[in-house]
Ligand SMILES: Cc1ncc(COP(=O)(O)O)c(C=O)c1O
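Next comes just one chain, in structure tokens: the form predicted on its own.
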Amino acid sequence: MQKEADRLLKLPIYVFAQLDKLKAKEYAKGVDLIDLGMGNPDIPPPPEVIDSLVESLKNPENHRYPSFEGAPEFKQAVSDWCKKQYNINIDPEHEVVTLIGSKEGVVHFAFAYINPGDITLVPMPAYPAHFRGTILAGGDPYILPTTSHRGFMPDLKIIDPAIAQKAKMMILSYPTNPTASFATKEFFKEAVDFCKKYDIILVHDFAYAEIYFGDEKPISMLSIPGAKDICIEFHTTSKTFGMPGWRCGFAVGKRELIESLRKIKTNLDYGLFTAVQKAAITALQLGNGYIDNVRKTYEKRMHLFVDGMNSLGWNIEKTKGTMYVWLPVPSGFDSTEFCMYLLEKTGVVVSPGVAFGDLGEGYIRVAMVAPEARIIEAVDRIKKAGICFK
């Protein structure tokens, strides 16, 4: 039997796959699981978007291979959306690429630029695709430690200039999965200046652009003056419009970076299903009523969960956005052990922090992807099991 390629052997264990196996065993036993592990939105898409998809499915032309370039009307809708939501100017012809979900785009972008031995700068804890894409492309992620003391933003001033000179790419994502942290405009300006100084491509994964609470709206990296000279930004309809299974995303930014990603994709896939693009246009052209409701729903769930866990001894601050709560594990456990313990004792599924890199150890991530009644029940189960923070 031949060995797998080195690129697969170098990957760390995918903890979510292990969790899936354990969940399957519990489901087989008939256990009523409350699954708050994966960031899998449970709020349905807008009815208008579903209707648009149904109508598009009736057109035989939409079932043929889509254009590699993406439908021109979809790219125009993306450009209009970026102007409306983030006040950034995007050329629909040259500065947009259609994606089969933003995760696909982030990983494939690494293949467009990373050669074996190349370095990418990645804050940690991080969404796994941010460092796994580099590993799959043969590169080496250079970890930028982040802590709650700095709002989980890396300190760019302590990066060794010799490392910065070698780095080819920096991958940021704010609001952040898993820590739910927000970046300041000052940090984004610093990141742009840093990447320009060292000729580094700046990648910004903006998956949670629209999931925020209160008046602090997340900032598009491309709104920073000069950012478009070095930056590509990734977006998704998964979180914004409750369309995770539709696999629809897009990237915008510097023309040459967009063209390189498009070049990779023309060799790897046939583009996004045209009917989904048509439905996504409807989503992008809706008013903000649906998104406002999504924000309120996640915010209320978050308040219920945080208040409930704080009553059990935790001291968690309420988050400003995303669908996640990031909290420390009680003493005597590592993050994986605590997740397994919760699953066994309560049937509540959460994600171990180590799944987001070594610096995620000591934490768990809880996704607010269940109705309020189930969030309340999850906390109640934890309380009845005698689990508290100490």
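Numbers follow the displayed sequence, beginning with 1. Nothing here was measured: the structure is a model prediction, and the numbers come from that model.
If you look for the form predicted together with the ligand, you will not find it shown, but the lines that follow are about it.
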Exercise for the section: Select from the listed residues Thr120, Gln277, Ser181, Ser173 the one whose heavy atoms reach within 4.5 Å of the ligand in the predicted complex. Expected result: Ser173
Exercise for the section: Note which of Phe188, Tyr298, Phe152, Tyr208 lies within 4.5 Å of the ligand in the predicted complex, where distance is taken over heavy atoms; exactly one does. Expected result: Tyr208
Practice task
Report the stretch among 109 to 117, 277 to 285, 231 to 239, 190 to 198 that approaches the ligand in the predicted complex to within 4.5 Å, counting heavy atoms only.
Solution key: 231 to 239
Practice task
Although the ligand is absent from this view, report whether Tyr324 comes within 4.5 Å of it in the predicted complex, heavy atoms only.
Solution key: yes
Practice task
Answer yes if any heavy atom of Arg132 is within 4.5 Å of a heavy atom of the ligand in the predicted complex; otherwise answer no.
Solution key: no
Problem - the ligand contact in the predicted complex: Gly101, any heavy atom under 4.5 Å - result: yes
Exercise for the section: With heavy atoms only and a cut-off of 4.5 Å, decide whether Tyr212 touches the ligand in the predicted complex. Expected result: no
